[in-house]
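One chain follows as structure tokens, the form predicted alone.
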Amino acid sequence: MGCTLFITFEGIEGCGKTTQVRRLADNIKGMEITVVLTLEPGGTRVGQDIRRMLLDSRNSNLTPLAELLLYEADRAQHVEEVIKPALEEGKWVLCDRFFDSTMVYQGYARGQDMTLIGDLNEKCCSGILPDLTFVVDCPVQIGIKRALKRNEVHMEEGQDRFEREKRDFHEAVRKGYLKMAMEAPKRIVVVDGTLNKDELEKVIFNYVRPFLAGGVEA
């Protein structure tokens, strides 16, 4: 179809973004488009080790700066090893979290210097920006309830450092995402994470449909 596309999914813990990024990938496969489905942190072998460190609840003393630098290290490897090559090969890349997560979690919620985060993101992303970002928004109490239920079934034991954060932290994350969406309305689309999975899937697909028609060159 002659165009590549880089789509990212963002949101608080338990918002449902991981389900939706997988559903979107399934929907566009077979449309003469090759899709690469990936995530941060953990989209590479090196990144998987970093992910375990970041999510390990035993690492409660991890400093905000160390946390930030680990995320950026994961991103630098991820961009060079996965995202950049896929886009250069004409593939679509769907990513579960990208640099917006760092701006929100480590910036708005952790209080790290936003200029520093911006500079690190710029360096680690090698000039690559998402063409479209979905923020799956839902109230914190709903997201955390879902996340804890999910963790009981699917998550490796102890990999819940962020779910253990206080509610104020998660509220700051949500407000950060909504603020960023207001500042970048051409790129960031806020969708309702309280919809049922099928309804939300349709909403997201309708935003992507114009790109499938080849009307936008990335």
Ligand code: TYD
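In this text, residue numbers run from 1 along the sequence as written. Computed from a predicted model, the values in this text were never measured in an experiment.
Only in words, not in the display: the form predicted in complex with thymidine-5'-diphosphate (TYD), which the text now covers.
The candidate spot formed by Glu13, Leu55 and Ser101 is fully in contact with thymidine-5'-diphosphate (TYD) in the predicted bound form: every one of the three has a heavy atom within 4.5 Å.
Put simply, Thr194 is far from thymidine-5'-diphosphate (TYD) in the predicted bound form: not one heavy atom of it is within 4.5 Å.
Using a 4.5 angstroms threshold between heavy atoms, Tyr105 counts as touching thymidine-5'-diphosphate (TYD) in the predicted bound form.
At a distance threshold of 4.5 angstroms between non-hydrogen atoms, Lys175 is out of contact with thymidine-5'-diphosphate (TYD) in the predicted bound form.
The closest heavy atom approach of Trp92 to thymidine-5'-diphosphate (TYD) in the predicted bound form falls outside 4.5 Å. Of the stretches 179 to 187, 58 to 66, 36 to 44, 23 to 31, only 36 to 44 has residues with a heavy atom within 4.5 Å of thymidine-5'-diphosphate (TYD) in the predicted bound form. Using a 4.5 Å cut-off on any heavy atom, the residues of 42 to 73 that reach thymidine-5'-diphosphate (TYD) in the predicted bound form are, in sequence order, Arg51, Leu55, Tyr71.
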